[in-house]
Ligand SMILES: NC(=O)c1ccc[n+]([C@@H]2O[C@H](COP(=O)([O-])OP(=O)(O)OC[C@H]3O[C@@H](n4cnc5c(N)ncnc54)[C@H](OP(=O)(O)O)[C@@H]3O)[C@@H](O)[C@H]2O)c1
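So this first bit is one chain, no partners, the form predicted on its own, shown in structure tokens.
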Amino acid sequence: MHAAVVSSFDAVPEYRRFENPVPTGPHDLVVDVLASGLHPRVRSQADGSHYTSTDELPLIPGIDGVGRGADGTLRYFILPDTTRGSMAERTVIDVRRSIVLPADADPIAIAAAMNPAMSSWVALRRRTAFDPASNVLILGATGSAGRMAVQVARLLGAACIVAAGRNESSLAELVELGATSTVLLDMTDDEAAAATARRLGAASADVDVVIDYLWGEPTAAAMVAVVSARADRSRPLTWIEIGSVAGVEAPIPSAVLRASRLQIVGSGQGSVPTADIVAELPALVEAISAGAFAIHARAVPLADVATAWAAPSVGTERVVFTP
């Protein structure tokens, strides 16, 4: 078979022949891969920077996808930590980490949307006691996952959704997708950062949940701004850390923890049991299939993986590889 193969962590994957996958366990199933999304998580897997990464090479990247079994059944699957990923003509899945899809499901839409939507969906459903009338702040809302988080929060019934990000034109689009207010994160200099903190505090003083794709210095500044603006600091505030595009470490002042009822939790691989994640998948597939989310997907032949991998990102577009 052919696959996208990573032979060096400092080079893009190459399209070449690779040995066929072989099932080894009682729950293993070989599927023909129909679609596999190029997510940021996949890029970190392929360059060895993800916290689950090992030094084992070669590897086939890809952490999820849509595949068809020999019996014709269509499945969405999530792979365990493995060097035999989904960016191949065939892969081995554990059926316990998959769900059967409707026969008319769109593999491209499912492969594009499930991973970015799952990050906020699982966070709100499994990492906090989310009340449908809650107020939500999304940090990093102009990225692909953040854009999806706005729509997920709206679908789950959030009363107020504050979208904060660095792309002004994208922020305007988020109002149409469900954001009730937006905050431009301008950190160009100290004066701009101070003005940003004031705007963020004023807009987010009454939020109950923060979905954070940033971390780093911006999160530390946002945390101070939000806590300082709260009229009732005993009101519970759950800060869910999902991504770290702005830094892997955040210098959080101890005072924000002592001066407020703030709870910081993470949501990601390891913090939520696999069975809990799989339990959420059918409802998410149903929402995607029903057109509940605006999805920007572009199908690319797997043979063009090297070119597509190295090409600049285009807005919130999600590349999906198809054999």
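One-based numbering along the sequence shown. No experiment lies behind these values; they were computed from the predicted model shown.
If you look for the form predicted in complex with the ligand, you will not find it shown, but the lines that follow are about it.
Asker: State the residue from Val183, Leu137, Leu174, Ala145 whose non-hydrogen atoms include one within 4.5 Å of the ligand in the predicted bound form.
Answerer: Selected residue: Ala145.
Asker: Since exactly one of Arg127, Arg90, Arg166, Arg230 fits, which has a heavy atom within 4.5 Å of the ligand in the predicted bound form?
Answerer: Selected residue: Arg166.
Asker: Just one of 81 to 89, 67 to 75, 248 to 256, 210 to 218 has residues with a heavy atom within 4.5 Å of the ligand in the predicted bound form, so point it out.
Answerer: Only one stretch passes the 4.5 Å heavy-atom test: 210 to 218.
Asker: With the cut-off set at 4.5 Å between non-hydrogen atoms, does Gly243 touch the ligand in the predicted bound form?
Answerer: The answer is yes: Gly243 has a heavy atom within 4.5 Å of the ligand.
Asker: Classify Ser204 as contacting or not contacting the ligand in the predicted bound form by the rule of any non-hydrogen atom within 4.5 angstroms, answering yes or no.
Answerer: Contact check for Ser204: no, nothing within 4.5 Å of the ligand in the predicted bound form.
Asker: In the predicted bound form, does Ser119 have a heavy atom within 4.5 Å of the ligand?
Answerer: Close contact exists here: in the predicted bound form, Ser119 approaches the ligand to within 4.5 Å, heavy atoms only.
Asker: Is it the case that Asn115, even though its partner is missing from this view, gets within 4.5 Å of the ligand in the predicted bound form, heavy atoms only?
Answerer: Close contact exists here: in the predicted bound form, Asn115 approaches the ligand to within 4.5 Å, heavy atoms only.
Asker: Can you name the residues of 87 to 114 that have a non-hydrogen atom within 4.5 angstroms of the ligand in the predicted bound form?
Answerer: Read in sequence order, no residue approaches the ligand (within 4.5 Å, in the predicted bound form).
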